[in-house]
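Next up is one chain by itself, shown in structure tokens, the form predicted alone.
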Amino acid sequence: MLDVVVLISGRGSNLQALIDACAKQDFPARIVAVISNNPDVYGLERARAAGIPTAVVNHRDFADREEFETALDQQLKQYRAKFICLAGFMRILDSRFVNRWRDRMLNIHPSLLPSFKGLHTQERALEAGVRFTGCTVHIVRPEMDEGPIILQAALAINPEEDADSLSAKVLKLEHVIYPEALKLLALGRVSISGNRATIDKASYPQQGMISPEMI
């Protein structure tokens, strides 16, 4: 059983997807705590409703990023975390922190990386006129929105829709692939070498790409 701490900054919809997945008896990971850098977010209520311990490490209480990350790391150690899931955690983590948790920290991003790193991904996808968008679950590296890709989900873009409707569709895919990626890692079906991740073909024939038709 893989002990996971989830870091959040907001409403926690991906956190809820992870909570629901971990509640299943055969799921190979469990959430031992949820930590937020913001004390007033709905994601903390989601965790409490599920009986999961919560903590707040408010970045505003610290003089700089190093002090904040030291306190965050102490909380992670207190909960004996073996793995971290970032679920809408809106703080950039220093390379020292990331490397301390190398290959043990997972993130989800609402684009088909390496395209459209950063914010406002669906607006930018529409402006660029790309035909497909989606989301990516990846292992975290010090560079923003980089690291070995575990799973991606893609959907075709309807040119008549706006960024809000497109974001809502992508979010539904996020809720599917984030728990699935965590499951693969917890089962030891992913090997990581440098900046590439390989999924055991025998146990996962999709090899990392999911379309809406497969859900």
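If you're wondering where the values come from, they're calculated on a predicted model, not measured in any experiment. Numbers follow the displayed sequence, beginning with 1.
Unshown form predicted in complex with a small molecule; subsequent notes refer to it.
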item	value
In the predicted complex, the one of Val56, Ala156, Leu171, Ala163 near the small molecule [non-hydrogen atom within 4.5 angstroms]	Leu171
Candidate from Ala81, Leu93, Ala87, Val140 lying within 4.5 Å of the small molecule in the predicted complex - any heavy atom	Ala87
Touches the small molecule in the predicted complex: Asn107 (any heavy atom, 4.5 Å)	yes
Distance check, Arg196 to the small molecule in the predicted complex, heavy atom within 4.5 Å	no
Among 171-179, 147-155, 186-194, 57-65, the region lying within 4.5 Å of the small molecule in the predicted complex by heavy atom distance	171-179
